[in-house]
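A lone chain, given as structure tokens: the form predicted alone.
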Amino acid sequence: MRLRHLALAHFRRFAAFDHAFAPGPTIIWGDNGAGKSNLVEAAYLLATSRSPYSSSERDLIAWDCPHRPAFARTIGDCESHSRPVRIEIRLVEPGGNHSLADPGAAPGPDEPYHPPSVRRRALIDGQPKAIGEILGHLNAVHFSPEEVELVAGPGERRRRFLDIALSQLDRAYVRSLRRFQRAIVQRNAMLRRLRDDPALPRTQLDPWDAEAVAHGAVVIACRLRAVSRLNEALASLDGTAPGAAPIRADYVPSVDLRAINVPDGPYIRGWDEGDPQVVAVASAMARAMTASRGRDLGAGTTLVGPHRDDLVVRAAGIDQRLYGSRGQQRTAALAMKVAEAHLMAEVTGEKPVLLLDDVMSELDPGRRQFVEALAIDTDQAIVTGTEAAVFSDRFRGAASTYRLQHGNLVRA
């Protein structure tokens, strides 16, 4: 699996960008602020439909885009199982109609401009698709110094890690996650209505409870299976460097799942009606939601379910969020990302694209050597840094090396 060609228009720092990527590792180095992370971000956007750096999509549109309504375009020619596919994501200010032939008109002012809102549009091989349809065409694993928050940050960060990995692998997971999220929004609105008007019957929660349980159980069951496979991969890593403590991730549910058995074996995409693990999780979740109704009403929000679950990442049994040093947390986060890549390769039969953004400067020589070996061993890796010297001679010899200058990649 690889990204063969990337083209950008009005994306972040790039008014225009066009580059063909070779298989194997590609090194992109340049000064801070040159736009290296923007290229990694664009590739990750094509894989997941989301930015790894910003939750505000309007920030992805270049502030000096000369068109009104403003827009940005990311196009990737990809290859999966030896089949070509073109993925395109357009970020468009409402009111715009930005086709390839007519990208916009009316130049705007010279001062920075951020559209008040942005809509995402997706195309696959030139055909408009729902944004979720791009998932799975280009699988990618992203790692940057900020990924230490995967271990050190709040539970939301670790749930997002699972959601992004599984969304690239399993469309059944995506459907169940979205339907669960919609059910929780409706249930929370009903909780607030019932709190404000105690005369309303609590049975009005019943349909939303049923919806949340049906889809939340699939989400939890998928996560349990994925975490089991992540731990299989983590056990083989030996901590990512000689002498490093072994890493393990434990799923921490908000409902009692002690009676649930996670089946051994590879992760299975999709779930049959009546799957025993999903049924068992649904039963446990239904009991928990019923027991929590009083607390939920008081809080005006749903306090149990997969949106409240967490992962505890441990090294030699020690919770790294609470007791790990910054270096240990970074090592644990790296191990989790490597395990994610193993999971993707196991499920799809293809290694994902590795997007390693300014990672080397934060690692000691032993872990730097580990990451370089990983990038050489995969089908494709895009690795950035502020100077070529941060990479070993062996790695530079195996990689296509470019310097990013004035928005262009120059062979180095």
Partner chain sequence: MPALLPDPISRAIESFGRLPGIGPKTAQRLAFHLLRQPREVAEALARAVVDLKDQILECSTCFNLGATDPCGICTDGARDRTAICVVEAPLDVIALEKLGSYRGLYHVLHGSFSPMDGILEDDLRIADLVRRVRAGGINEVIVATNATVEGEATANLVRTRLQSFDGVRATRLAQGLPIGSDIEYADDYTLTRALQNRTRL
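Positions refer to the first chain, counted from 1. Worth saying up front: this structure is predicted, and the values here are computed from it rather than measured.
The form predicted in complex with its partner chain exists for this protein as well; it is not shown, and the discussion that follows is about that form.
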Candidate stretches 180 to 188, 326 to 334, 74 to 82, 119 to 127, one within 4.5 Å of its partner chain in the predicted complex by heavy atom: 180 to 188
Considering non-hydrogen atoms and a 4.5 Å limit, does its partner chain approach Thr301 in the predicted complex? no
Since only the chain is shown here, I'm wondering whether Ala210 would be in contact with its partner chain in the predicted complex (any heavy atom pair within 4.5 Å). yes
Any of the heavy atoms of Arg195 lying within 4.5 Å of its partner chain in the predicted complex? no
Hey, in the predicted complex, is Gly294 touching its partner chain, heavy atoms inside 4.5 Å? no
Establish, in the predicted complex, whether Leu237, Arg258 and Asn261 all lie within 4.5 Å of its partner chain, using non-hydrogen atoms for the distance. no
With its partner chain left out of view, choose which of Arg90, His215, Arg223, Arg158 has a non-hydrogen atom within 4.5 angstroms of it in the predicted complex. His215
I need to confirm a contact call. Of Leu200, Ile318, Ile268, Val252, which residue comes within 4.5 Å of its partner chain in the predicted complex, counting heavy atoms only? Leu200
